[in-house]
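A single chain comes next, written as structure tokens; it is the form predicted on its own.
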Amino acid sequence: MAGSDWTCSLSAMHEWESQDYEPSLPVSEKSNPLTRDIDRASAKCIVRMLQACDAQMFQEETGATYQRLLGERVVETVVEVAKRVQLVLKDPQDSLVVLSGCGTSGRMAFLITSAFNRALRELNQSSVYSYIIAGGDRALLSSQEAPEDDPKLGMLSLKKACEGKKRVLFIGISCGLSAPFVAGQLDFCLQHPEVYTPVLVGFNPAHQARDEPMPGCTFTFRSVVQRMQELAKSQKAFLINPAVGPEAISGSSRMKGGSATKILLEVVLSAAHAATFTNTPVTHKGILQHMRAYEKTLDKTYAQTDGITALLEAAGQSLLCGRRVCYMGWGSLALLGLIDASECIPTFGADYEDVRGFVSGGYKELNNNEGPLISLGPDFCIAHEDFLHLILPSLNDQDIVLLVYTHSDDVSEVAELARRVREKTSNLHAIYHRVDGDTAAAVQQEDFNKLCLSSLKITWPSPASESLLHMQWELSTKLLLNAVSTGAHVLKGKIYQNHMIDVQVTNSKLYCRATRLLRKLSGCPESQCEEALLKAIYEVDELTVGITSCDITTHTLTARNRSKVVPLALVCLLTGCSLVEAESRLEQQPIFSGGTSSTMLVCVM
């Protein structure tokens, strides 16, 4: 139900768990019943819908259909993986823990390895964590979808990262159990059990793992999972794959998929560190308590509904005006701003200028494998100084600037930047984390608030653990920024019902998703939908044998240079018009209105 009367019913929370609900789709690709009208909701209702979706991560198991994040089997597996990490920490010589993934999964791998290597350095211990992201470090800041489809590239990148190591715990992250890049790495681990122990993290049941052939491979992702399941019986491999429910925007694993990845892997590594350096045993109870702390983080974050709504509306207004959203962050919270901004491009078909993230300290703070990437172009300039030189001169009151920081950052530095920004725009806002009782920071903050249109302040109780508090700040910030950028693009008209209508078709997963979406929205047969998609990709009204004989990889490489292929294909399917006519219609009326069939509401801008 859209509008101010929207409420979340218990039945809607659990509806997706029914075996009859979109039975042909894996959980990670289903549409969420809670958000099916998010495209028509008010800003406040959008926030409530996102809160209800995020709360599904922590729902208790209601039967045997799906294992859940807090379920017995998941917690037990987390305990065992934490003990494997502990073995590496106790004897780091010639050992390595590798976290790897594509897109959001790879970015979470980077964020987590950075944090825990930093913790080791503070203890005067050698670093044992390494990350791999498909497409290399440029994928930390921009969409690099094509490498996700290359299992051989995944294998080679793992082999290179682990050269000379005698013991490797490999943690492959694939939210949908679908990425060929990760499948190639897992297969390599299974072929070399004397060195590698593979762990798979994802959010579909094993039987829903992708079963399509991969280029140059005799195995599928599902067959790799099946081999791992067999080895898991003797703890020679591990699967951590709770269902956390469909995403608020269908298939957008940057949201719950990214959050649940962060929760699980931080729980694993934190428990291993506590066991190694403070003699705190890894226990089922301790793991569960840590997970519950993240659940409280979610509640505390969404208690700020009014503040989140104000930010979402301001960001949405900026995008509607063709202007930009800028995140200015400090420390690891700034990295979450970079990550959120980078994900808007493939998810919503956004331009890289629409949402940008900037970090105090730039690449020195990022500390990525490949170092500064500024030679790749202006969209890889990420320091506050870059913002001041490249962005600030052209700002006006229709641009929104969002400052993201904590009481432990240099608030005087934040205030100085705020003053510089206010010279160009009054549309300045802040997200600020503080600890209860910090009166000095509170006084300083009062003066700073006068510079901002709004300040979303989250006050946390004095922590028993500084590291846990910082991880909670990070998760809270991720939830907030995901809500702001997602809601802003919803208000701009980038979503139909709860589907990414303008998704970029740049790898096999997105190609299949686009075909399914066209089938759902048009009601046409799958073959006809794929034909329409190919016509939009190749910009032709008739397909040649040369086109139809190409494989999906060729199609997706071609699609990288095209825009609005899904909206164009949909208009052609619904109206029977040519591509030229479809383009003209989209230019004249970028948001169509109506109900179903040829008058279906389609958001494409």
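Heads up: residue numbers just count along the shown sequence, starting at 1. Computed from a prediction, not measured in an experiment: that's the story for all the values here.
Just so you know, the form predicted in complex with a small molecule exists too; it's not on screen, but the next bit is about it.
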| query | Is every one of 247, 482 and 499 within 4.5 Å of the small molecule in the model of the complex, counting heavy atoms? | reply | no
| Heavy atom to heavy atom, is residue 103 within 4.5 Å of the small molecule in the model of the complex? | yes
| field | 4.5 Å heavy atom contact, residue 256 to the small molecule in the model of the complex | value | no
| Partner proximity in the model of the complex: residue 507 to the small molecule, non-hydrogen atom cutoff 4.5 Å | yes
| request: Please run the contact check for residue 336 against the small molecule in the model of the complex: heavy atoms, 4.5 angstroms, yes or no? | output: no
| note | The listed residue (187, 266, 354, 145) that reaches within 4.5 Å of the small molecule in the model of the complex by any heavy atom is 145
| query | From the list 488, 99, 175, 224, which entry has a heavy atom within 4.5 Å of the small molecule in the model of the complex? | reply | 175
| request: Sort through 278-286, 531-539, 507-515, 293-301 and report the only stretch with a non-hydrogen atom within 4.5 Å of the small molecule in the model of the complex. | output: 507-515
